[in-house]
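There is one chain below, alone, in C-alpha cells, taken in the form predicted on its own.
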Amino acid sequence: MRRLILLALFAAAPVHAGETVVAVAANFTEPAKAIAAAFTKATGDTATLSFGSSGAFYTQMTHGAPFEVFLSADADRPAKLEADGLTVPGTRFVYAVGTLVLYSATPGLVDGQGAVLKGGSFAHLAIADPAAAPYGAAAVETLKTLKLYDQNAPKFVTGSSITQAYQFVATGAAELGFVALSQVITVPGGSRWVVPATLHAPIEQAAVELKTGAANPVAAKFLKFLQGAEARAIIKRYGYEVR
C-alpha cells in the first residue's frame, strides 16, 4: 500500500518545464510575445524574451551574454555571429521580412505617397539608430534613394531602437517617424505611408541558435516552433512576410 501511495504521488508531481532565453529585435516585440505564449501553451516550456536593438545584442553576445536564441532585425548580425563561431551550425534562417512605415499620430499629416518629406512642414523626424537598428538603416537608405536625406537629417530625433523611435512619435516628441509596420498595424487613427520595398534593401530578419543554448533542447524546440504554421500565422498577422 505504501508503495502504491508513493507511486501515485510521483505520478501527480508536476513536470518541470524547460526554459530558453531569447534576444528579440525591438520591432518584433508584439509578435514575439504572442509566439512565446503560443509556444508555452503548445509545449509547456517557456521562452523568456529580452528586447532591444540588434546591434546592441550582437555586441553583448560577442562579449558572452547568456542568450540562447537570437531573433535579429537583419540577416547580417546572425551571419556574423556564425562567422565568429558563436552559433550552432545549420540553425540560421530568415523568419520574417519586415516593412518600413512613415507614421504620425496626427491624422492627415502623412500622405499616402510620403510627400510630407519634401514639404518640410514638421520640426522632428524620428528614426532608429541606423548603426544599431536595421529599420533605422532602411529609413536612411529610403531618404537617400528619394534624394531627401540632406534636407531631413537636421530634423532627426534618433532612438536607440525602433521601439524608442516609435515612442518619440506616439508621445509627440516627433511629429512623424520611420517605424516598423508591426508597431502600428493595430494602432487606430494617425496617418501613415507604407514605404515601397523598392526604396531600400529588403529587411530580412534572421534567427539563430547560439552555442550557449546548444545543450538546452528548449532552444532548438523554440526555433522549430518559430518555423511552424502557428508562428508563421502570427508573424503574417503583424504585417511581415514569411518565406
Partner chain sequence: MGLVAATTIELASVTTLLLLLLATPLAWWLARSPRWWKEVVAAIAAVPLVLPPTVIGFYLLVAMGPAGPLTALLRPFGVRSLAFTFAGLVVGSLVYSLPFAVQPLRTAFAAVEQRSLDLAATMGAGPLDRFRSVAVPQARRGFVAAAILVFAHTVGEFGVVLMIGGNIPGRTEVLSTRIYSLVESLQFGPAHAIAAALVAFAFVALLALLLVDRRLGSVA
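Computed from a predicted model, the values in this text were never measured in an experiment. Positions refer to the first chain, counted from 1.
Below, we refer to the form predicted in complex with its partner chain, which is not included among the displayed structures.
**Q** With its partner chain left out of view, choose which of Ala115, Leu146, Ala123, Ala83 has a non-hydrogen atom within 4.5 angstroms of it in the model of the complex.
**A** Checking each option against its partner chain in the model of the complex, the one that comes within 4.5 Å is Ala123.
**Q** Which of Val195, Ala174, Ala207, Ala32 has a heavy atom within 4.5 Å of its partner chain in the model of the complex?
**A** In short, Ala174.
**Q** Is it true that Leu49, Phe70 and Thr91, all three, sit within 4.5 Å of its partner chain in the model of the complex, judged by heavy atoms?
**A** Per the other structure, none of Leu49, Phe70 and Thr91 touch its partner chain.
**Q** Whether Asn152 contacts its partner chain in the model of the complex should be assessed with a 4.5 Å heavy atom distance threshold; does it?
**A** Because no heavy atom of Asn152 falls inside 4.5 Å of its partner chain in the model of the complex, the answer is no.
**Q** Is Gly55 close to its partner chain in the model of the complex, meaning a heavy atom pair under 4.5 Å apart or at it?
**A** Gly55: yes, in contact with its partner chain in the model of the complex.
**Q** Might Phe168 be said to contact its partner chain in the model of the complex, defining contact as any heavy atom within 4.5 Å?
**A** It does: once its partner chain is placed as it appears in the model of the complex, Phe168 has a heavy atom within 4.5 Å of it.
**Q** Does Phe156 reach its partner chain in the model of the complex, with heavy atoms at most 4.5 Å apart?
**A** Although its partner chain is absent here, Phe156 would touch it in the model of the complex, with heavy atoms inside 4.5 Å.
**Q** If contact means a heavy atom within 4.5 Å, which one of 136-144, 159-167, 107-115, 91-99 is the stretch that engages its partner chain in the model of the complex?
**A** The contacting stretch here is 159-167.
**Q** Which of the residues spanning 117-152 lie within 4.5 Å of its partner chain in the model of the complex, based on heavy atoms?
**A** In sequence order, Ala123, His124, Asp129, Ala131, Ala132 come within 4.5 Å of the partner.
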